[in-house]
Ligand code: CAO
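This document opens with one chain alone, in structure tokens, the form predicted alone.
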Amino acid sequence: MADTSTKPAAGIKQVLVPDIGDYKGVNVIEVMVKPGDTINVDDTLLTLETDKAAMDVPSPYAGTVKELHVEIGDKVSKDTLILVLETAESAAAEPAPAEAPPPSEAPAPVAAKTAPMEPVQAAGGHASPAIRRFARELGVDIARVAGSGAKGRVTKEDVQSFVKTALASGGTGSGLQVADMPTFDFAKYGEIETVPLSRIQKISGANLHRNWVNIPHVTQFDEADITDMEEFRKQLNAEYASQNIKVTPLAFMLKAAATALQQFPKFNASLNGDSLVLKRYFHIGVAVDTPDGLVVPVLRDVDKKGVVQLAKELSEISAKARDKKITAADMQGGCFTISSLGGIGGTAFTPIINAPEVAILGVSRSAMKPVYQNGQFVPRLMLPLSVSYDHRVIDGAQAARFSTYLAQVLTDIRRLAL
């Protein structure tokens, strides 16, 4: 890798994208360093990805990152400036030999500055050599880790989360002896079309399977009379129409859920080995339906916000999710999740807990029903509620009390002010 025509000051090195063959405008999908980081020769700086392969860019020098000139999503080619590095004047410019990967892995990128960089073919687990090495050091089978990075790539945080989950469950496996699913040749029965799963489906599918297998689910069903709530919601929408704020039933459910979580702290907790972590904050995730599958952005400090503010934030984060602008940070830190299918239909369902949470609220379609009050039947708008909970943390009596309280809050929204 060569410096530019203007020679930098002593001890300052410009690190450029090396020879990557005939590729132009290659996507940057991971950046491993930031200004202030101290790096060694051959440390991975960033990962590039073409439509056929991924490749790591190692550092030819050791030193401290002074300036970073690329970020995730950039397109780079040979000799694009990656960063400016401050090195010791006596530091050797030539990189040290790279660690040889095991035969089962794809070849690591070459370190020589004059030779073309070999691409790393994406394999099972879809991770860079640096992340694979990190996983090996922790004894993790990278193929079992669900990736949350760009195009489903496994990140360092994914590996760490996998280890934490395994430790919390008392091991690295589910302990279930299950036969492999058989394979079928469906084409011999007629015409077929094969459609690949989206990145979101791949990630969420692996997580849902893990959660369903490892968490003992029980679901408590109930109904809430939301007749008065719906009348008040329509009134609010009329008042805030000029501000383009639409208050949906989900905004009330968020506020009611936060109130119920304050009354029943075990629902706002997580298991950590033999301990129960009780959270003093109330961040609630909301399942959002997108063309590529469900994502769960998190609304923070729901207990401190009013219904109108929550409606505004919910609209913004939902639009962000559907426009594929949601970030990993937007989906982290949740304590409890709401999955609302009311706009689509259904009378009840069993939602799967979003670990490391211990409970989730499923909401189905409301319907007008005859309710016996004061000696007669009257029409009331009833909302079906389904609360799935982790039976290791919550028992049936607590779940019944939680769902009953939640229904009471939704029935009489004055309780939100208490």
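Since we're looking at a predicted model, the values are computed, not measured. Residues carry their position along the shown sequence, with the first being 1.
Form predicted together with the ligand: not shown, discussed below.
S.K.: Quick one: find which of 336 to 344, 131 to 139, 212 to 220, 300 to 308 has residues within 4.5 Å of the ligand in the predicted complex by heavy atom distance.
M.R.: So the stretch in question is 336 to 344.
S.K.: Report the residue, out of L314, A224, L85, I82, that has at least one non-hydrogen atom within 4.5 angstroms of the ligand in the predicted complex.
M.R.: Exactly one listed residue reaches within 4.5 Å, namely L314.
S.K.: If you check V163, L236, L294, M331 against the ligand in the predicted complex, which one has a heavy atom within 4.5 Å?
M.R.: Contact residue from the list: L294.
S.K.: Would V288 sit within 4.5 Å of the ligand in the predicted complex, counting heavy atoms only?
M.R.: Yes, V288 is a contact residue.
S.K.: Though only this chain appears here, would L250 touch the ligand in the predicted complex if you measure heavy atom gaps against 4.5 Å?
M.R.: The answer is yes: L250 has a heavy atom within 4.5 Å of the ligand.
S.K.: State yes or no: in the predicted complex, is some non-hydrogen atom of K78 no more than 4.5 angstroms from a non-hydrogen atom of the ligand?
M.R.: Contact check for K78: no, nothing within 4.5 Å of the ligand in the predicted complex.
S.K.: Does N27 make contact with the ligand in the predicted complex, using a 4.5 Å heavy atom cut-off?
M.R.: Contact with the ligand, no.
S.K.: With the partner left out here, which residues of 355 to 373 have a non-hydrogen atom within 4.5 Å of the ligand in the predicted complex?
M.R.: Going through 355 to 373 in order - heavy atoms within 4.5 Å of the ligand in the predicted complex - the hits are V363, S364, R365, S366.
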